[in-house]
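Next comes just one chain, in structure tokens: the form predicted alone.
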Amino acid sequence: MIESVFILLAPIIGALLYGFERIVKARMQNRMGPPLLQPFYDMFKLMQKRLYLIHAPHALFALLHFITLWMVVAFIILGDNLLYSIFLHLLATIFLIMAGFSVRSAYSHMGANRELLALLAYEPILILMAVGLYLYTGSFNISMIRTFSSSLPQLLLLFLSLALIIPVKLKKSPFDATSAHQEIVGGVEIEYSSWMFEFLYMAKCLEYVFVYLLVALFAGNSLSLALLLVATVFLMVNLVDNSTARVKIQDLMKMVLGFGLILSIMNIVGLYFV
């Protein structure tokens, strides 16, 4: 029952996380910042804008992106197969990339290209994380993974790799090249408006829930450790976001693949032989 409520409220929880994050970032910059509910005010404002539809597939891809992400979050909460959830998340991102390529806007194409390159950088790490948890627990089933004690000591390098790619997923500095408004004017989102843009906005909120659910998996059956890990990663991501400048998409790939992928492989190899 509580899982169903959590699934239904996932976009709202993600929006609250986003709102809280904006407050934390503002405090780090010695500013007041927006209220906690600002993401909801933004959503209501978006609903009042005039809707422009480029064509039906363009709108459909945004809807599929949102629904698929919501399904991914639901599968993780229900304790389904982790590998299946990661591949479904890959499909959700591909829908977003297809949306970017489905219109004639140069900015949309540039945004889709960057989304694709970022996907190539972080997706192997997500898969290796699932493999690492499988080697530790003997199962890809999330409900089974949650019954074990914390895997953090054995999978520390994989955990660090996951923390490295979270700024990519949440479009935070230094890895926010996919949402560089000064360069690509919104990227894949540029041709969306009103309630169609609302789906992309809520999908961003679901990404928050997705990444922090993955972080919590490393705590195993310890709820207190899960909360501590999520809080620590949350603060670190925002601290780095506030104190670093954006890197180019090529540098993003080099850093994520150069550090994250190597750390993940080292952890898998070490776990296999120990």
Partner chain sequence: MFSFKWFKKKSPWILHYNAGSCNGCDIEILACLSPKYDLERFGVINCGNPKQADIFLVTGPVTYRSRERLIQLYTQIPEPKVVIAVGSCACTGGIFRSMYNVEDGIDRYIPVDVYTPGCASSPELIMDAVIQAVDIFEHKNQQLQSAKKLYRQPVFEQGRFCVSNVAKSLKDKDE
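Numbering follows the first chain given and starts at 1. Just so it is clear, the structure is predicted and the values come from calculations on it, not from any experiment.
Beyond the structure shown, there is the form predicted together with the partner chain, which is absent from this document and is the topic of what follows.
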| item | value |
| --- | --- |
| Answer option from 223, 231, 32, 56, heavy atom within 4.5 Å of the partner chain in the predicted bound form | 32 |
| Heavy atom contact within 4.5 Å of the partner chain in the predicted bound form, the stretch among 205-213, 242-250, 60-68, 47-55 | 47-55 |
| Residue 176 within 4.5 Å of the partner chain in the predicted bound form, heavy atoms | no |
| Distance check, residue 22 to the partner chain in the predicted bound form, heavy atom within 4.5 Å | yes |
| Distance check, residue 197 to the partner chain in the predicted bound form, heavy atom within 4.5 Å | yes |
| 4.5 Å heavy atom contact, residue 150 and the partner chain in the predicted bound form | no |
